[in-house]
Every structure is written in structure tokens, then in C-alpha cells.
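This document opens with one chain alone, in C-alpha cells, the form predicted alone.
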């Protein structure tokens, strides 16, 4: 032993780096466990064993796994060599659905951040925005596209109609177009026209695989005024990488032209662009505008698509064959192969905040995604949200302003009409009726804005005072005449019109208040020689009806549009020279601290529809409180100073954006359960809430009963976001174990907009 030990010592002195010990026994790498996000309300992933004999799927891949008594499709979000699940409880995956990850690393990271920030289960967040075929485990196969092209044949006999000729011209120009692209360019469904032209041998439908191709510009860019040119130069000259810019431009100032010229730069560099719009009704006209400018693959994402259309667009964006993606809030999660720019149009719009399920803000997720991808993002609005404006004034965002309209158009004159001195019928004062008559006689168009659909918000018995009320919501029914019924706008419950009062059996039933149906009916009786077009959710349930109404407006014939906020966003009506706001007082006296901001945005957006072409425009605001300081300041100074004044008031009151809110709401069929549950949550918060987090409530919600369930809420507030997120995470962990929590439906809303 001594001799051997001495020899080993001697060798080590001569060859210190040489391993002379016995080679180690062969060791197996530790087993890998799949961390899978399941569409489950639980805020965690689930561990599974890899499928034996199959290559371990990478994060972002779909797998089919057993979950309880069912088999579900989940997404691998991580791999681990450790699990806390007992070995006898671990189950293997049943099937690996993707040989390569369906979700890239950056997109998976975006979902993970959104899940943590909005305190929503990752598995459900992933399932929310994936196309349905992918959620159900179908392969991500890009189908052969069907496109239309012109033939060599010439029209024989009667010439094609105006729309048909426009369609032929589009096909001549773009060579090949899908049916959806044809519809977008025409601004209405193109399939019937394509079928008719096909029967005449003028067009044909062929199969064409979507291919990567270079986008090019078709139309020349418009000349910019000095303000537009300065804004575009600032956007172009900025540093590469992430930068958030806020374009604050009055209505009609040419923000879209700046978008288009900036997008042209990005496309020429071979990158993709994501454009978010607030409403589905704005998507077709936006696509048409972009399609006229660029020969590029433009895809749309909105709730009106079929499952197949959504899947194809998703895959084209993912493989890079789509150059421009345009969509509503969920489009923010669209995969992009070569991202270069994100644009959020009308960034102030409440539609960007999901109000149920996964309660995320599409605008805020877009800002985070741009930072994550290290690309620029442009937020545009005539009436920016106070949150974005505050970030710009604090130099977190680059602020660019456009104070004048593009081209020869000028801003409309805004006047307030004191309704206390005016006789009125159906909300139309005598003075306003005269202005409408004069506008129509001068071949102009009129937009009448009333943000309340139906005929009247109340049906009342004039004898005993009975009010028709929805028992499931404890709110009054809205009276509709087309079709004749009582309808609850909160739960969509419907009832036939009563022939007599159910309480006193009298027949003195009267409609109280205004709705778009009532005002439109009255205006049609006053002006029978002119079209009166009602635009609201009831009258335009189909895209065809909305398109037909827009065709009449765009034709330029004198007419009257009566509608809700559907008419306030992004539409260009060059012949509208008079805008009338019938009921401007609703937003002035609300208990909601955001009411005046929303009122100012809506009023200025509606007013911006007037005078957008050569003819000057004017706005009449009817109010019973013309002396109200907010109304007077908004009308005389404009939205910019008005918003900055509101920011000053918010700072004094410690309200957002100078603080942050987290809302915990509970709902149950029994009135006592939500409050009981929230009282336990409040006790937990008193013990564990970090310093700086204040708790308000619990209290019954202002809208205490909806669709048959009682509602209560608890509001948390903090000047810093970090402690609020910490207490939110603790709440989740505690409430998932709470026995009372299983008896109520509860959710957390981060940065809530709806407190009702």
C-alpha cells in the first residue's frame, strides 16, 4: 500500500493535470419533466412524464395529456429535472402534437408576462387567443389559398355595373386577390359579384400557395403639411430599437398618412407590421386603405372571422408570408416572424380592455411586446388616454402633436345650445331642427349622435308609476319598436310588450326618455324626402346592412345619420357638415372618476366627423347645463388643455395614473355569499398587505345584480404597482384554498375600467 501510494504521489507531482484515478461509472442524465399549461382556472402548470420513445417536446409545443377523467391539449411552458409530485402520481403525456414549437420563445414569454401581470391562469390565457383548430389539437397546416384573377375575355353585351367594374379594375391592378381582399377593397361583400363575373367568364378562381414575396408601394404617398412632416421626421430619426411614441393629432389631422409612410419604411426593410384598431367595424375600411397603398399580404384578425380564416391568417403571420396584420385587441398575441413596428390606432379606446375572462389591455400588452421585441411602437389618438398622456409628459413616451387638419379642411365650430330655453320633440330642439333643414337644403349631410339605442330607456305606467323592470338585473327594460319588445341591455333578456299595466291594469303606458329609434323615427317624419340612417348595434347586426348604410353616406347624397358611438370612431364622412349631440349631460354628473375623461373623448371624437373635406363644419351640443365648467372648458379650449387639467385634478386626488387599482369582484346566486367571501379576503389583507396598499370595501357593486347573480367588490389601491402585484399574488394563493371561494364566482381585474 505504501509503495502504491508513493508511486501515485510521484506521478501526480510529475503530471498534475492527469487523471489517474479509475474512470467514473457511466451516469444517466436526470429525467426531464414536462411543465404543461392546461386550460384550467388553477394558477399553475402541471408536471407530466415525457412520452416514452418520443423526442422530448420543447417549450411552446402542444401536447395531449390526461387531466382528471379527460384528455386535453396543453402547451409545454418549461422542462424541469425536479418535480414535487410523487412518482406514483405522475402520468405520461399521451401525444406530442408539434415537432417544432408552435409558439416561439418571445411569444411564450409574452403570454407568461401577461398571465403574471393580470393575475390570470397561463393555460387559459394561452387558450384565449389561439385559433380554435390549434386549441383542439389540429395540425398547423397552411391550406392552399384560393385567389381570383381576371381572364383574357372581354365583356360582351351589357357592361358590368359600377361595383363589378371596380372589382375588375382591382384585379387588373393587383393581379390576384382573395375573396376577403376583394371585399376589403370594395368595402362590402364581393363574393356575389365575383360569382356573377365568373359566370360571364371575366374572372376565375385558382389555387395558389401563399408565398413569401416582397411588398411594394402602389400609390404615391400624399404630400404632408409641416406638422405632419415634422412628426414623421421625428419618428424616422429616432434611435433604432424600442421606443414608444404618442401621436396626439386632432381629428382629420392625417395620422393615418403618417402611419402609412412609416409602415412603408418598415416593409422596405423586409419587416412585418402589426396594426391594432379598437372596433371590428373599423377593420374593413382600414384594410381597404392599406390595400390601396401597398401590394402586400394583409391579414385581418377580429371576431367576425371563421375558425379556418383565423387559423390561416395566424399561420401566415407566423411564417412571415403576411406583411401587415390588422386586428382588434386579441391580435396583439399574433406570432410575427420578422416584427418591425406596432401601431395602436385610437389608443384611448376602452375596447382595448377585455372586460371578461382574461382582462388584459391590448394597448398595454402591445407596449410591453414592443419593448420585448426591441421595436418601435406608435400610439395614435385625437383624444389620448390620461395614462398615455401622463407617460408622454413624463418623457417615458415621445410626444408628437398635430394641431391642424390635413389639406384644406378646418376644425369645426362647436356651440352649446341651452335646452332649458328650447322646446324639443324626441330630443330634437326647434333650433336644431332648423339647422338640420338648412344643412340638407345645402346638399350637406347631418350626423345626430345619441349614445343610447332602442326607442326609450323606460316604459312607465302614467297612472300608478309602475316601471317595466328586468328581474334578473333589477334594472329597467329598454323599449324597442323594431321589433316591438322590452329588452334588457345588461343580460339581453327579452319580453313582449304588455298591453296594460300589470300593477293597476291601466292602459296609460308611456315611453320615457330617448333612444336612437325614437329620434330617427321623428327625424324621418320631419324630413320625409331624405334618407334617415340609423347606425347602432341593433340596426347593423350584419356586415351587409352596415355596408349598405355606408354606401349611401359615401355617395354624398343629403341624408341624416342617427347613431351611437359606432359613428364616433375613425370614420371619414366628407359630406357631413353638421354634427348634433343630443344628450351631452350624462357624462358630466357620473360618480365614475373616469366619466369626464370619457365624456371629453367621445364628444371630441363625434365632433371630429364634421367638416373633414372642403366644406366647413359645425357642431351643436344640446345641454341642460351649458354653464358646467368641464363642458365650457372642453368647448373653448379643446381636448388637449382639458385633458391636462384633468391630470392635475387626478394628481390632487391620488387617482390613476398617479395610483393603481386592483379590483376583486365576487358573484353568486345568493345575496350574502359575495360579501361573506370578500370579508374573509379583507381580513387576510389586513394581516398580510404590504405598507402602501389601501383597501376599500367590501361593498355591493354599484350594479348590484346582473343576469340573476348578486355582485360585490373589494378595491385595492397603491401608488406603486409592485406592492399591489405582490398582494394580488398572495390573494390568489390564499383564495384558491378557501372553502367559501368555491361557492362564488370571483375574479381579479388589474387596472379596471368598469367599476359598476
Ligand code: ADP
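On a predicted model such as this, the values are computed, not experimentally measured, just so you know. Positions refer to the first chain, counted from 1.
Just so it is clear, the following notes concern the form predicted together with adenosine-5'-diphosphate (ADP), a form of the same protein that is not shown.
Engineer: Since exactly one of 574, 407, 78, 653 fits, which has a heavy atom within 4.5 Å of adenosine-5'-diphosphate (ADP) in the predicted bound form?
Structural biologist: Residue within 4.5 Å of the partner: 407.
Engineer: Out of 108, 635, 250, 186, which one falls within 4.5 Å of adenosine-5'-diphosphate (ADP) in the predicted bound form, going by heavy atoms?
Structural biologist: Checking each option against adenosine-5'-diphosphate (ADP) in the predicted bound form, the one that comes within 4.5 Å is 250.
Engineer: Given a 4.5 Å cut-off on heavy atoms, tell me which of 252-260, 676-684, 576-584, 552-560 is the interface stretch with adenosine-5'-diphosphate (ADP) in the predicted bound form.
Structural biologist: Only one stretch passes the 4.5 Å heavy-atom test: 252-260.
Engineer: Contact between residue 153 and adenosine-5'-diphosphate (ADP) in the predicted bound form at 4.5 Å, heavy atoms?
Structural biologist: Residue 153: no, not in contact with adenosine-5'-diphosphate (ADP) in the predicted bound form.
Engineer: Against adenosine-5'-diphosphate (ADP) in the predicted bound form, would residue 565 count as a contact residue? Criterion: heavy atoms within 4.5 Å.
Structural biologist: Heavy-atom contact with adenosine-5'-diphosphate (ADP) at 4.5 Å: absent for residue 565.
Engineer: Indicate whether adenosine-5'-diphosphate (ADP) has at least one heavy atom within 4.5 Å of a heavy atom of residue 222 in the predicted bound form.
Structural biologist: Flag for residue 222 set to yes.
Engineer: Does residue 388 reach adenosine-5'-diphosphate (ADP) in the predicted bound form, with heavy atoms at most 4.5 Å apart?
Structural biologist: No, residue 388 sits far enough from adenosine-5'-diphosphate (ADP) in the predicted bound form that none of its heavy atoms falls within 4.5 Å.
Engineer: From first to last in sequence, which residues of 268-293 have any non-hydrogen atom within 4.5 angstroms of adenosine-5'-diphosphate (ADP) in the predicted bound form?
Structural biologist: Result: 289 alone.
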